[in-house]
Every structure is written in structure tokens, then in C-alpha cells.
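To begin, one chain is listed below as C-alpha cells, in the form predicted alone.
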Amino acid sequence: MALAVDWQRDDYSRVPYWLYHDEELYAQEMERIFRGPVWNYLCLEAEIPQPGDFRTTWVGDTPVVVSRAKDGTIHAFVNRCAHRGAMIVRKTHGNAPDHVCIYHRWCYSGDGTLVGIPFRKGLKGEGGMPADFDMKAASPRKLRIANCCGVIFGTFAETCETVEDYLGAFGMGMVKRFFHKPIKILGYSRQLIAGNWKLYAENLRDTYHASLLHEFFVTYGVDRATQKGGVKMDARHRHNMNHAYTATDTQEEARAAYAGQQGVALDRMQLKDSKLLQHVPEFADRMNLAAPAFFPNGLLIQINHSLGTRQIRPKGVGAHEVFQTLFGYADDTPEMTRHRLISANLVGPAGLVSMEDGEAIEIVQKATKREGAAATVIEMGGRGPVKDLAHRVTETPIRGFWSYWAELMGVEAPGGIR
């Protein structure tokens, strides 16, 4: 199918609703984006510290195994048996010298190479595989991987820019910020959202909603539009970061700014236990909120002392999973580890803020299903060129996302921004 999109405006401030609902478009995204010239976030090196360790993950809707081989090298390959297409590894993680498909017991090494086939030479002189069958050539497709400070990225593309060029100085700087010293894994969460994966990618770039949808944020000063902060992007505007600094406004400033906003009441809720809000800056930049999002599927997230990564896993045109890995630092005290876990109540499927994002995305998906050519309005922060801003009353990074999406899909607006 030849894809055509009427953008209405060349700055991507209008996005047709049908782009969230079209089945054929979704299939093309899986090929042109997730299997295209991008670097997908896979997992953290700290999750597979020993030879034989593995984790299963996803690139788009393609199942993938990331494993550490016997020699300590890290590999990623499609989690699909070369024989009849069954999923080879069904556990989320573990340690195994090799991987055996339960269907016909075909066996794969830690780097994904096919190394064993039952009855390959037949039985009693009968049956078996053809003599010229090449097991190595039949092995599952492997991804090229890159290890950035312990963050594992993978790509299906044979040729594309290096991961350093892909992330840019901005992206590499944020990876180094989060992973400036050894980490320890604290836990995981999964959130299934009945909405198109691009709606979550937009949500990560939408700073406008944060202190309006998330009443907890604005009430307790975790993230307010009145605080010092802004949005930063790479040169191509495909990656972005929403960031903020706590205690850079006053309750009076916030109350005045939000007084006329529908449904926002700063004094409606009170906390009996305020430990969740305790924050002592632990990074040199003193940010309490930092959320760099990497096209197409990755996010690093700091909310006070809660640290984690998130991965977008499309599950069809109308659903996606958000897989979150929570971590702390290896030298954290037991008290800090406990505090990070307390702070993690903000995130995850029942988190004080994450569940609200999921609900918002789902009601967008429901309400736009039959809208055809109607389009969103993405003008908060202004029209025209996409650029960094020293404030967060903006949706500009969303337009940057759509600009790069359009480039990869081959449907850029004539004369459109890049």
C-alpha cells in the first residue's frame, strides 16, 4: 500500500486521527521504524551480569532474546525458532547454557546460533535433514547491538548511523548522567494500555499535560509549570527531555497560576505521610525531574529519587505495553534503596501518576476511532520551527516526533520542518 498523509500544516501541528487506528499503517511501522535505521532500547547490562544470563524483550512486536554468551559477550536475536516459528525462550529472564525450543527441541547457543537438531541424521538410516542443511544459515536473525554505559540498544539495520550519532550529544549526555556509576536492579512493572503506541510516545513529549492531568504533581510541587525547567531535544528533534527543578517556585506563585485552570485545586489533598516527597538532589544538575525519551521506544525517568527505564512494546494497532525497570545505585545505603522504592509509588500500573497517563491515552483511542480525516491540534508552545524551550507550557517536542516518524515512513509534509 502506498501511504499518503494529509498533514494540513507543514509543521506537524495537525495529526490525522486515522494514524492511530490503521492496521496497514501499523504493519508498515513495524518494518520501517522498529526494524528500520533506528536504535531500539533493549535492556540494561546489569540485568544479565553472568555468562548464560538472558532476558526476553521486544522490538516493536518482534520478540527478542538478549543474552550474555559463555565468553561474556552480549548478543540479541529474534526469539523465534528457525524450524516452525515457535517462541524459543518463554521465560522473562534466567540463566541457561543454551536455549531449547519445546516444540521439536531445536537447540540454540547463547548467541542465537542453531547448534542442535534432534534426529538430524535420521534414525536407523531413515529420515533426517538433508545432508546440505546449513544450521548456521538457518539461525534466527540477529540484531546489531551497542552498549552505552550499560544501556543496551539494538538495531535490525545493516547500515545506519552509530548509536552515538543517533543519540547525539544530548542523548549520550543523559545516558551518562543516569549511569555514571554501577547500578542495581530493584524491580519491574508492566502496564498494558489500550491505545496506539504513538500516543504514549506523544505523552512522553507532552509537558503541557503534566501538571494538569497529574494533580499529585502540582499539589505537592513535584512538577509544576511555574517551576524552573524546560524541554531539550537532539538536533533532529527525534529525542527529547522534559526536566524540572523542585523548590524553584512558591505555593503562592503556583496557586495564582493554577487558580483559573478548570478542575485544578492545589489544596484539595493532604498527605499524612510525606516521606514520598522527600528529595535531596543527588545529581550535579540538581534536577528532580528528568525524562529523556529516545525514539522510538525508550525512556529514562527520574522522579525525585525514583529511577527507571521504560520501554514501549506495541501490541497491535490499539494496544501497547509499558515495561518499566526500576534501579538504584550499587553504593546506595539500605535507607536510600527503601526510599527509592517508596518513591516508585508514583509510577507503574497503579502509580499515582502513571495510571492517569494510561487512562488519558485510552480515552483518546476510544474517542478518535471513527474520526477519519479529523486531526489533533498541537499548537501549545507555538507553530513553526521545532526548538528547545526554557519553559514547559508546550507540545513542541510532539511535532518533532511526528517529523521524524514521517521521514522514516516516507510521508513527510511538503516543505515540512525537520
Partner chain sequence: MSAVPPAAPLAAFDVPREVRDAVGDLLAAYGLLIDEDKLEDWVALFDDACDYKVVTRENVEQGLPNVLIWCDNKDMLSDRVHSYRHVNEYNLHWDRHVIGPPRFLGQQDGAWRFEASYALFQTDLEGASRLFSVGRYRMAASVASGAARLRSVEVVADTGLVPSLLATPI
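Numbering follows the first chain given and starts at 1. Everything numeric in this text was worked out from a predicted model, so none of it was measured.
In what follows, reference is made to the form predicted in complex with the partner chain, a form of this protein that is not presented.
Note on contacts: among T219, Q302, Q311, T246, the single residue with a heavy atom within 4.5 Å of the partner chain in the predicted complex is T219. Taking a 4.5 Å heavy atom cutoff to the partner chain in the predicted complex, the contact residue among Q278, T250, N345, T73 is N345. At least one heavy atom of Y188 is located within 4.5 Å of the partner chain in the predicted complex. Using a 4.5 angstroms limit between non-hydrogen atoms, D132 is distant from the partner chain in the predicted complex. Remark: P349 counts among the residues lining the partner chain in the predicted complex, judged by a heavy atom distance of 4.5 Å or less.
Residue contact check for M30: none of its heavy atoms lie within 4.5 Å of the partner chain in the predicted complex. Residues placing heavy atoms within 4.5 Å of the partner chain in the predicted complex fall in a single listed stretch, namely 336-344, out of 336-344, 230-238, 106-114, 137-145.
Residue T92 is the sole member of 66-92 found to place a heavy atom within 4.5 Å of the partner chain in the predicted complex.
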